[in-house]
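Form predicted on its own, single chain, as C-alpha cells, below.
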Amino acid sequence: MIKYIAQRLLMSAVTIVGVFVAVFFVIRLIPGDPALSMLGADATDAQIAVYREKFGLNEPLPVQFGLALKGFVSGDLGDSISLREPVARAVASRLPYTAELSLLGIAIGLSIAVALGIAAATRRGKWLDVALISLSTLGMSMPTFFVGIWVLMIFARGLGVIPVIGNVAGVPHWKSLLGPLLTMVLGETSMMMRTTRSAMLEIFDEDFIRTARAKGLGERAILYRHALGNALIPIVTIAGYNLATAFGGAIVLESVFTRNGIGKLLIDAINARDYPLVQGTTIVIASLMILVNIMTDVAYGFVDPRIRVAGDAG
C-alpha cells in the first residue's frame, strides 16, 4: 500500500506540473491587460509602465515562464497582483470556507443518498422506487447554478431564511452556509442515490444473499451486514468522485451565493487578469482533487481487504 501511494504521489507531481504549464499559457490567451484591469482606463502610459515593471509584466513570455516555474518548484506561488499579498496566504484564507462546504455537502448528501438508495432497492418496482428514480433523474438533469438560483428565490426572496448575498457583515455563519449547502446536497444526492440502488440490487442477486436467506438470517442483518458491506465499493467511488469535483464545482456555487471560498477567488482573479493568483488557485484546486482521488483509492483497501492484499502483493 505504501509503495502504491508513493507511485500515485509521483504521478500526481507530474500532473501538477502539467497543470501549471497549461494554466500559465492559457490564462495569457484571455483578452485583456492586467495593468489596465487594475489601474482603469484613465491610467496614464507612465503609470502602466511602472505597474508592468513592478509585477514583471514587461518581461518576454519565456522569461516570465522561467521565473514563475522557478518559484513554483521552490514552493513559492508568487504575489497576487490584485490583492497585493502572497498567493499562498490568499488561498489559505479562503480554503476553509470551500472545504467546509464540500465536506459537509458530501457527508450529508451521502447519508441521505444511501438511505434513499436502500429504500428504493428494497422496494424495487413499487411506487416509492419509481418516485425516487424520477426525482433523482430530475435532480441530475438540473445544472448547479439553476438549482442555486431556485434556492435563492425560495429561501432568500420567498422565506427570508438565508441572505441573498452570503458575505455580508452581521449575517450568522450558518445562514450564509445554508444556501450553498442545500444546493450541493440536492445536486449530489441524486447520483449517489442511483449508484447505491444499483449496487444494492446487484448484490441482492448474488448467491451468498440467497444462501443467507435460506439459512434463516434476518432481513435486517442481510441488508446491512452483507448487502451494504459488499456494495460499498461503487458507493465510495461516487462519493470520492463527487468530493473531488466539489472543489472545482465550488466555483459555481460560491459565485451564485457570493461565498468567499477559493472558487470565487479564482473567478475574481480571472476577471482581474491576476496571473499569479489564477495559477496558484488552480494548482491548489487540482491538488485537492488529486489528493481526494488517492484517498478514495486507499479507502478501497479498508472497504474490501481483498483489494489491500492484492495491492500489497503487487
Partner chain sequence: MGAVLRNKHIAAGGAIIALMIAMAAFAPLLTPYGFGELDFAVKNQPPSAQHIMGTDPYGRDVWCRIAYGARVSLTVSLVAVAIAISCGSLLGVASGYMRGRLDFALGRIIDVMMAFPAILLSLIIGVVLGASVRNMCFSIGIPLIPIFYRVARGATLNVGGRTYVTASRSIGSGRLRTMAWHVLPNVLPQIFVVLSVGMGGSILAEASLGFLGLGIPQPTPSWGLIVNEGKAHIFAAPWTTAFSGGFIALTVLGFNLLGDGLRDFLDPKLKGAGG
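Positions refer to the first chain, counted from 1. If you superpose the two forms and keep the largest set of C-alpha atoms that fall within 1.5 Å, you have the rigid core. Computed from a prediction, not measured in an experiment: that's the story for all the values here.
Just so you know, the form predicted in complex with its partner chain exists too; it's not on screen, but the next bit is about it.
- Interface residue among I112, L201, L104, A88, judged by heavy atoms within 4.5 Å of its partner chain in the model of the complex: L201.
- Partner proximity in the model of the complex, defined as non-hydrogen atoms within 4.5 angstroms of its partner chain, places exactly one of 181 to 189, 138 to 146, 77 to 85, 218 to 226 at the interface: 138 to 146.
- Using a 4.5 Å cut-off to its partner chain in the model of the complex, each of R124, V252 and V256 places a heavy atom inside that distance.
- In the model of the complex, its partner chain sits within 4.5 Å of a heavy atom of N271.
- In the model of the complex, V164 approaches its partner chain with a heavy atom inside 4.5 Å.
- Heavy atoms of I267 reach within 4.5 Å of its partner chain in the model of the complex, making it an interface residue.
- Contact between A286 and its partner chain in the model of the complex is found at the 4.5 Å heavy atom cutoff.
- After superposition on the rigid core, the Cα atom of T15 is displaced by 2 Å or more between this form and the one not shown.
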